[in-house]
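One chain comes next, on its own, written out as structure tokens in the form predicted alone.
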């Protein structure tokens, strides 16, 4: 089994990503670390516990990390994810689940040093930047670092050029990219170029409810607000579920294709948070990122649906035929 830490800011699509990871036999989730992003950290902690409770996996520990970006003012995304961060589903708080004394960065530091552990980062990279500050060797011991964030040619989702996670804390994102460059390492960037192609449509959701009513109705409950948001702002019939694609790529590296390039993050002005991808090699610098640009949508949906719904591929064949 591949050992991972999920660093996230739950968040609707973070929650779906956690569900995918914990239903995948190839993955052992050692812990979930929460960062300020879509939701404030305390709310993110509660939401992670709500998802774990639904899955019957409260054995997975959750740790709280940075409650604000490295330098800029914190701007949540509750306008996108709802007042409770889970689509205004207002699921009951899981009682008896208090925030542990150990911090997210301390847990990362301790766990990563044991070796052979990867990180799937689904939110701003603040926790990872703080880990670099505290223990660079622990950060550099990460086996694979898959980050849902950034964009190459796709437009942004919180400015014309920036994706939310890197826009939220561009200074931390820059520290992470710079550290990787200095140490000949690479981040796998699952950005908007590929995640925008993963849309949970009303048809797919209806099929989920028919195949597995418990899971389908739960997904409907937490995504209804998300559906309405995407229709209002992007005129999409459905909702883009970014974060599960990062988990899927970690499990099956053939789902995405792309190229390697030196990448930096803009930290100010109207382009704040933009990922500057040197695809043409202007800087003559060694690559520090794998930029994914192509996605096998059928392979993703087969993995996502079979695992969440606990069915065999033949049971969702009708759904898969409609995906193009």
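Note that the coordinates shown come from a computational prediction; the quantities given were computed from them, not determined experimentally. Residue numbers count along the first chain shown, from 1.
Heads up, the form predicted together with a small molecule isn't pictured, but that's what we're talking about next.
Using a 4.5 angstroms limit between non-hydrogen atoms, residue 47 is distant from the small molecule in the predicted complex. Contact annotation for residue 103: none of its heavy atoms lies within 4.5 Å of the small molecule in the predicted complex.
Within this chain, residue 243 lines the site of the small molecule in the predicted complex, having a heavy atom no more than 4.5 Å away.
Within 4.5 Å of some heavy atom of the small molecule in the predicted complex lies at least one heavy atom of residue 165. Contact annotation for the candidate site: 169, 174 and 266 all lie away from the small molecule in the predicted complex (no heavy atom within 4.5 Å).
Screening 189, 128, 122, 194 for any heavy atom within 4.5 Å of the small molecule in the predicted complex leaves a single hit, 122. Of the listed positions (118, 111, 157, 89), a single one reaches within 4.5 angstroms of the small molecule by any non-hydrogen atom in the predicted complex, namely 157.
Heavy atoms within 4.5 Å of the small molecule in the predicted complex are found in one stretch of 297-305, 21-29, 310-318, 8-16, which is 8-16.
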